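Below you will find one chain, with nothing else, as structure tokens; this is the form predicted alone, and questions on how it binds or moves follow later.
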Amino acid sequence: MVLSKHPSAGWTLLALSILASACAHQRQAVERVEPGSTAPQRTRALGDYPTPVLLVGIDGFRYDYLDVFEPPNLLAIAANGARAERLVPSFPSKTFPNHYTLVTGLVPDNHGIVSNNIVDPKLGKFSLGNRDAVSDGRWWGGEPVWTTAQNNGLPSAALFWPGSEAEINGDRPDFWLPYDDDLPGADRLDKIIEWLALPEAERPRFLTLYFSRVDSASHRYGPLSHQARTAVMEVDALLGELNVRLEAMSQPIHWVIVSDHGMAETAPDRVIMVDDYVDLDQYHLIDTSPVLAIAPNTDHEASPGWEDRLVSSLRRSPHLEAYRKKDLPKHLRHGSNDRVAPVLALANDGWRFALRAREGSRPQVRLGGQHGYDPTIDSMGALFVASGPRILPGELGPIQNVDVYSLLCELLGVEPATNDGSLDALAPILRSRD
């Protein structure tokens, strides 16, 4: 793939290519140990390996950033392949639930990572920063695509992806690293290149690559801020460099570039004070903004009808919707899992929850961004771009993120595990296997 084919790329991409080549020669490969990585034991006949599939996750990259910020390398990849109007996330539109949906094709209610913060009756508490929980395979249901690939004799490698650090149903990626948000982007590229330079029988045919920079900037400064644009361009430059290095080693690739969710703009006058509607002596918050997950405190016996009373109290605010878990709107496909809290309140687009006990009588000024809302809201739309030998040029309408797993399996030439998605919406951009 020659990125400079895209008319808007021009001299920017040429400069990036020259810079990337120079940096590649100057930088030494990062030396890190992949815990538990082993030479794959499953083998296939030589020549029977598909073109590697690289799944790139750009956390918090909103669907319209392509057109608003015009990142040249991503636009070029899209011009040489396909893009969707938006990728519709699953509910809740948060990081861990949706990253894991992308690689299993299951909605969070079915794979079990129902939010970033969870309480399980048997396993206890789960959160992004809880290393013990994140690496415990009992939290993670379904079959991730790296396992599907390995079951078919295809090695896999995960450079940071929710679920990749856990032994799920007795399996991990052949190569993986514990999450390190401080690992520089350049070192991440080195690791991808290192893996793709392995002998054919060991070379991963499915790989993941993850960046958090866009999400962090959009949260702190807002989705349309200068800082968000800078973060988008930084990640875009890394993808341009990676493409140059892949071409230099004559390594074809299938790019599948996605994000987990979009981002809504928040403002200091759009705050819902939880204390005004919830007695925190009786109830505790499992998860907060912008989806409030509530359960009774263990030291208080919940009286009959408490869910209805709490929902009625919450609904006094005009800036949210509140439900018992069994009454959640059907399109959310959420609420049957035991890990879903008994009562949930969903803030309106751009609103957030806060505690008066923490913020005082008046909320602190907080300009920034938030996600987690109803995934059908425009601001939650995510990114989908794909390119490679089997991707036809084209533009798709909105597609569901549960469908990405089926696409990954199709590009790998393997049969997908049971999932909630379909290949139907993506069929127009697929060449036949031949």
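Everything numeric in this text was worked out from a predicted model, so none of it was measured. We number the residues from 1 along the sequence you see.
If you look for the form predicted together with a small molecule, you will not find it shown, but the lines that follow are about it.
The small molecule is not shown here, and in the model of the complex it never comes within 4.5 Å of any heavy atom of residue 254. Within 4.5 Å of some heavy atom of the small molecule in the model of the complex lies at least one heavy atom of residue 179. The small molecule is not shown here, but in the model of the complex it comes within 4.5 Å of a heavy atom of residue 95. In the model of the complex, residue 62 stays away from the small molecule, with no heavy atom inside 4.5 Å.
In terms of contact with the small molecule in the model of the complex, the residue from 219, 284, 356, 333 that brings a heavy atom within 4.5 Å is 219.
Scanning 155, 162, 105, 108 against the small molecule in the model of the complex with a 4.5 Å heavy atom cut-off leaves one residue, 162. Only one listed stretch (179-187, 194-202, 70-78, 314-322) carries heavy atoms within 4.5 Å of the small molecule in the model of the complex, and that stretch is 179-187.
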